[in-house]
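Only one chain is included here, represented as structure tokens and corresponding to the form predicted alone.
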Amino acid sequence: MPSNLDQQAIDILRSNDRGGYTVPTARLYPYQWNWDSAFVALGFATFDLNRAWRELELLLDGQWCNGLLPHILFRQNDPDYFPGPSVWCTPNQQNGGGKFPSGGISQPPVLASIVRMLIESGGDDSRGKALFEPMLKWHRWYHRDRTPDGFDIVASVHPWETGRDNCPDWEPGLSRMAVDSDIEAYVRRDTVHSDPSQRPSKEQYDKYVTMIKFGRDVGWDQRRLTNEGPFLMADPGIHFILLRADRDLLALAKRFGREDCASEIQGWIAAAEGATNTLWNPELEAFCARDVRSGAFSCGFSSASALCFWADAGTDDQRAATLEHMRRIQAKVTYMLPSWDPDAAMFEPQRYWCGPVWPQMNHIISRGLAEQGEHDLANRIRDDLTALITKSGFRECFDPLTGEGCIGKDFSWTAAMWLAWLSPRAKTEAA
């Protein structure tokens, strides 16, 4: 019999189901989000494997002709959300876009890693094999269209592309750009559906919209967006997630008999391994976001810094320094792992990516630590998320000091993480 929290989590996923794809939570996020759907599939797989595969198939159904897998798929126009499809104005399929309106940027490419998890836990090889080619195209897009001319590291053209929207990591890039005086007046909807004090600021949003306007102005030409756009930062989150996903894609290629693309993927892995040191901030002794054009580093340890273990990346000394940061932070908070360093400027325990604990980040950070033999920290991060959900419910994220839930309620990826990773049933099956 499922526990009460198991049943609540199942009910949340079913309630947020929109006919084969899942919204993160009602009203606040009324569309299908890229990396949300990948994590959500792990939750569905615990009680409806067919529905898990369907989530991923519908996500890839929105892929652009050039391989871009957008961060949002606008399957309908919901006036409750800004910026919606009329703001993005992305091309239709006849002009190189997708089957329906979408955002013009991507999100952290966790999909190949999730597909490998599903298959190796007993999923259907045929369903996974059918997803291989579009995943390969997406990885090609990342390495081709998000590697700036003259540089050897994948970068992001918008903070939203990193999935860590308003993290202080982006200050070096945001501080160098100006708000376009020609952006149209707009009305935010996120501050209607959640506490404005927990959301990004008005100044940040003006710059986010400026980046979208640039994308529209260049017709969403992805190479121009990367090389000429107003924002360009290398993100340890994207870097480490893509490196891990490339390795998982290579494992899938071998499993599916796709030796034809193995050398290409191995080349991506070698290039990423060589570029990892680009993100090492010697002053802070941590992997940090870095402005590609100025070379400036961000000024704090973020949850993305800890993903070097997920990617099996970095030198022994770099990993040891990363562990020291995590132990220092552990002594400062009640619940691990905050999204931003509590000893750094701009830490706010309830403001979106400026401090709260995020369920999907805890999942992959903890898994990475366990894979590298760091079981004490891995278990602490897993146990803390269990305690947070038990205390405050299935919230979008959580205050690392008090355990209070923040932003969205009845959140899909939080429910999925409970079912796939935290539930006593999941722990028993993994033992």
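As the structure is a computational prediction, the values presented were derived from the model and not from experiment. Note that residue numbering follows the sequence shown and begins at 1.
This next part talks about the form predicted in complex with a small molecule, which is not shown.
*Asks:* Residue-level question: is Trp64 within 4.5 Å of the small molecule in the model of the complex, judged on heavy atoms?
*Replies:* Close contact is absent here: in the model of the complex, Trp64 is far from the small molecule, nothing within 4.5 Å, heavy atoms only.
*Asks:* Decide whether Gly163 counts as a contact residue for the small molecule in the model of the complex under a heavy atom distance cut-off of 4.5 Å.
*Replies:* Because a heavy atom of Gly163 falls inside 4.5 Å of the small molecule in the model of the complex, the answer is yes.
*Asks:* Is there a non-hydrogen atom of Glu396 within 4.5 angstroms of a non-hydrogen atom of the small molecule in the model of the complex?
*Replies:* Glu396: yes, in contact with the small molecule in the model of the complex.
*Asks:* Give a yes/no on whether Phe44 approaches the small molecule to within 4.5 Å in the model of the complex, heavy atoms considered.
*Replies:* Output for Phe44 is no: heavy atoms all beyond 4.5 Å of the small molecule.
*Asks:* Looking at Ser303, Ser156, Gln107, Thr90 here, can you tell me which has any non-hydrogen atom within 4.5 angstroms of the small molecule in the model of the complex?
*Replies:* Residue within 4.5 Å of the partner: Gln107.
*Asks:* Looking at Tyr352, Trp138, Phe231, Phe309 here, can you tell me which has any non-hydrogen atom within 4.5 angstroms of the small molecule in the model of the complex?
*Replies:* Filtering the options by heavy-atom distance leaves Tyr352.
*Asks:* Within 4.5 Å of the small molecule in the model of the complex, counting heavy atoms only, one of 398-406, 46-54, 33-41, 373-381 shows up; tell me which.
*Replies:* Partner-contacting stretch among the options: 33-41.
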